[in-house]
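The chain that follows stands alone, in the form predicted alone, written as structure tokens.
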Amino acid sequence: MARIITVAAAQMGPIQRDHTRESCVERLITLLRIAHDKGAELVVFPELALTTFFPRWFVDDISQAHHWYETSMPNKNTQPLFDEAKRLGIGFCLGYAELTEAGERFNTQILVDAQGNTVAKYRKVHIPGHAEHEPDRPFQHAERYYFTPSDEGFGVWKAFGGRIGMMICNDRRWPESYREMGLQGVEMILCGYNTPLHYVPDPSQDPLAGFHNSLVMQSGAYQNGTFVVGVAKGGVEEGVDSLAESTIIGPSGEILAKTVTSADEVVVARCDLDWCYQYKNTLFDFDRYRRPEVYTRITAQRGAIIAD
């Protein structure tokens, strides 16, 4: 019997600095309802879906930025989203900034089931950008100042009739993210992202932003026999233009659905999780073909070591 889940990529357009949490949640609820009308059972929202991408500004006293973080989830602002999802009988994946009781700051994503219960929490592992103020930039990318890289790694959870994993934005550029989940039998990876179209360290890469976005997610899907759902917050936010192109990818690496705007938009795909095994049990039969004994550099060293 086929294991089919209809998943929605619920892309958001810009969230400006003066937009309230309440207005963001209203947009999320609208997207949730559209996805439900399209038959979705699981809706994936972007990274930092409740706020503007605040790491583009630097503050000397980080406590001045605490208002961008959530100290609990759900909370009074997000409870209406949980309530509506439960009423509709639909699950969702939500990205936000998390401030813990211990004062730790994480870029976080949660998976919520159709009854409104949090199934899993993932905290971003690969934090890009910089940790110091760089005033000569047209905008900051101070993620390494605002967020701690998580040491919790990449989990896979039983949910929605399959094995679900999560990653956030820059995680999608690293093959280890997919393989860590692939080695746990992942069948669908959910990924929210905020990606500026102008890459300050090397502007020659700017025209390739969309290509690279698709390249890494399609490769990761194919090489691990898994669905990948990548969802953007796109458009011009506080003067910074960001990539949209939210995409649902099959375990063959093929694109099954893709947004066509940089605004709030929902696309869906009907995903047969058993399709994964056409790849997991053939070309990428890990138990049969992998050679971890010759991959020791992957975990033994961090940067490249060039022999003389």
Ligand code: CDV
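One-based numbering along the sequence shown. Source: prediction; values computed, not measured.
Below: the form predicted in complex with 3-methyl-2-ureido-butyric acid, not depicted.
- Residues within 4.5 angstroms of 3-methyl-2-ureido-butyric acid in the predicted bound form, judged by any non-hydrogen atom, belong to 163-171 and to none of the other stretches in 72-80, 92-100, 150-158, 163-171.
- Using a 4.5 Å cutoff between non-hydrogen atoms, Arg123 does not count as a contact of 3-methyl-2-ureido-butyric acid in the predicted bound form.
- When 3-methyl-2-ureido-butyric acid is considered in the predicted bound form, Trp68 lies well away from it, no heavy atom lying within 4.5 Å.
- Although the partner is absent from this view, Glu143 contacts 3-methyl-2-ureido-butyric acid in the predicted bound form, with a non-hydrogen atom inside 4.5 angstroms.
- Within 4.5 Å of any heavy atom of 3-methyl-2-ureido-butyric acid in the predicted bound form lies no heavy atom of Thr226.
- Contact check at 4.5 Å (heavy atoms) against 3-methyl-2-ureido-butyric acid in the predicted bound form: all three of Phe53, Thr195 and Tyr199 pass.
- Note on the partner interface in the predicted bound form: the residue among Gly235, Pro175, Gly185, Pro128 having a heavy atom within 4.5 angstroms of 3-methyl-2-ureido-butyric acid is Pro128.
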